[in-house]
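In what follows, one protein chain appears twice in different forms, each by itself as structure tokens: structure 1 and structure 2.
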Structure 1
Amino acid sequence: MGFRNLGLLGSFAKEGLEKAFSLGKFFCFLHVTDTYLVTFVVTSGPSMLPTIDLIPTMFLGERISTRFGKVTRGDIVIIRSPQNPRKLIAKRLAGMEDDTVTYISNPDEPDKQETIVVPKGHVWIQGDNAYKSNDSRNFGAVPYGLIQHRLFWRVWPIKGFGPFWKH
């Protein structure tokens, strides 16, 4: 017994299945786009002042360059926190593996500097606001695999709408 024998009920069922299939394809497209290509990211907090405001700011974050190792020094990335894996943090990529990074270890004493070599498979991240940033200066280099997105387009607030390149 096919849809032809059910008459009006069959045409409703057929149309319902077609709509459900289309909706399923749409949600699959959204999932693949969000997981592997581009997603919305909202940032807030003082660690990236003055580059990113204190107020919640929405960006587009792309995942392609992070998957293929194409992020570079100066990019602002979203990283899974090495201290709390449930939390994502926005920081500037300050050093790649084998880079020598010199940083101010204590913002209250700018003359006190330390130098490290970023280990293989790791990156060095820093917030632009040295006084209010929990970053590699506190917990060391982080594994490259913790990088989730590279920010590339500011969406909100509208006054900053547009490409978001290295500053």
Structure 2
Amino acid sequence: MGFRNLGLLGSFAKEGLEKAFSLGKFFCFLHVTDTYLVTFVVTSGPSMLPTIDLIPTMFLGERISTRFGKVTRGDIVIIRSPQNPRKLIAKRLAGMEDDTVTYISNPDEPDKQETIVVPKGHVWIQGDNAYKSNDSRNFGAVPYGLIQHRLFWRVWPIKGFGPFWKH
């Protein structure tokens, strides 16, 4: 009798363990998709106006082209801020390594242009809204390794749903 009870208890425990294990597997699967394939990104703020709205907008970001160095000029990417590693920022790639970039450091004085060459292993990022964007004009070129994802699909708000690579 006692033996049979133990068997019942054991099967409960086994079932619980199996549940926990499959939950763990699911978590691992999520992590791998998130880190190596695609992930959801929510952006907000004025720095990418008019391409990306001020209000929170949801995108799909992919990590395949960033991993293999296939991102190019004009792509909109999510970058870990060089000034605060806990913050992610969305900016447009304005120059890859060895590119010559000419930019206006202060949009109120459009005559004052500056030209630099992007150093090796770095990229030049700029927001579309030159008036309100903290970007490479401020902190210089950033290492490629800070790039997290490339935005490729707009998900929310629903009326903007669709591909997002030719903007």
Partner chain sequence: MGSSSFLWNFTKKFVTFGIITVTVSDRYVTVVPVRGGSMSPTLNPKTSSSAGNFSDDYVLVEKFCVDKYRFSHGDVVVFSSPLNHKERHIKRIVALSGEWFGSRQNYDVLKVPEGHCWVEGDNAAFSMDSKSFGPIPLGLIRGRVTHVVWPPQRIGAIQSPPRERLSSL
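Here, residue number means position along structure 1's sequence, counting from 1. Keep in mind that what you see is a predicted model, and the values were worked out from it rather than measured. Under this definition, the rigid core comprises the largest set of C-alpha atoms superposing within 1.5 Å between the forms.
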Inset, instruction - Compare the two displayed forms of this chain and pick out the form predicted alone. - result: 1
Inset, instruction - Spell out whether the Cα of I158 moves at least 2 Å between structures 1 and 2 when the two forms are superposed on their rigid core. - result: no
Inset, instruction - Quick one: how many Å does the C-alpha of G24 shift between structures 1 and 2 once the rigid core is superposed? - result: 3.0
